[in-house]
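We begin with a single chain expressed as structure tokens, specifically the form predicted on its own.
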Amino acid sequence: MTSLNTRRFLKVAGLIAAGLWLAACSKQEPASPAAAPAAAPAAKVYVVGTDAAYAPFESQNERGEIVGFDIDIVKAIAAKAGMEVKFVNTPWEGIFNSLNQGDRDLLVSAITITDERRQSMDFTEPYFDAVQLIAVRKDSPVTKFEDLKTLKVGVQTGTTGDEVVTQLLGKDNTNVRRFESTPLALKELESGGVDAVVADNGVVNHYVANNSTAAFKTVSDSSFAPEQYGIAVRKGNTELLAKLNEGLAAIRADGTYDRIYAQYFGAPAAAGAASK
């Protein structure tokens, strides 16, 4: 190759190299992919304990779903308070422990507000008025609570019915027959195993109305003190308590409470219903 051609080649090569260098310098780095937005924290689901063997307040339908007056009331309260709730069937005998141990966030299960229970849990404002009622067979001579003193009386363990019967008959009286649920006690009355059952009138009336072959009658007594239901939360959980009370006030104010009450009891809300 001649020196002239060599110089020309070098010149062209230099121009190409310079062009490549400039192109490389001007090339932009690809933009980093945008970071994905942080996922919003999942909304808290409040676990509600309920003993689903207490129709019409809480029971399980043929599909195993928990339904009832208490369930609809809490759902309505939760909707007003912007809460998400999940109902879990919880046996009555362990229901308060499940709350205190943190397995449940709140309880709704026809729970009567009492001074003793207030020592270990907090309650919302009352949402239901309550009273006890006596169930006996139609041919029974019982006309008042005192008549049960010498009879075998069925109660649900740990309820206010259990308390009043124990006070009447005595703590160690074997005539006090305790059952896991009020319907079981009423079944025992039907078979003749007990002479009477004392329980909340909402449950007793519901059972009598739906079991006409049982041939029961009911007896009220003025000695039974009025009671009230409340939704229970762990002691000191003021934030949750405030949400529930706000929701309860809202459903009372807009008529939702009255509509739910009428659906289950066929009349406007009034004193004298039921309790555990």
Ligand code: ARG
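We number the residues from 1 along the sequence you see. What you are looking at is a predicted structure, and each value in this text was computed from that prediction instead of being measured.
The protein also exists as the form predicted in complex with ligand ARG; that form is not presented, and the subsequent description refers to it.
- Contact with ligand ARG in the model of the complex, judged by any heavy atom within 4.5 Å, is made by just one of R117, K149, R137, K75: R117.
- Using a 4.5 angstroms limit between non-hydrogen atoms, V194 is distant from ligand ARG in the model of the complex.
- Taking the partner from elsewhere, W92 is found to have a heavy atom lying within 4.5 Å of ligand ARG in the model of the complex.
- In the model of the complex, ligand ARG lies within 4.5 Å of some heavy atom of A110.
- Taking non-hydrogen atoms only, Y54 approaches ligand ARG to within 4.5 angstroms in the model of the complex.
- Exactly one of the stretches 240 to 248, 60 to 68, 223 to 231, 204 to 212 approaches ligand ARG in the model of the complex with heavy atoms within 4.5 Å, and it is 223 to 231.
- In this stretch, 192 to 206, the one residue having a heavy atom within 4.5 Å of ligand ARG in the model of the complex is D200; the partner itself is omitted from this view.
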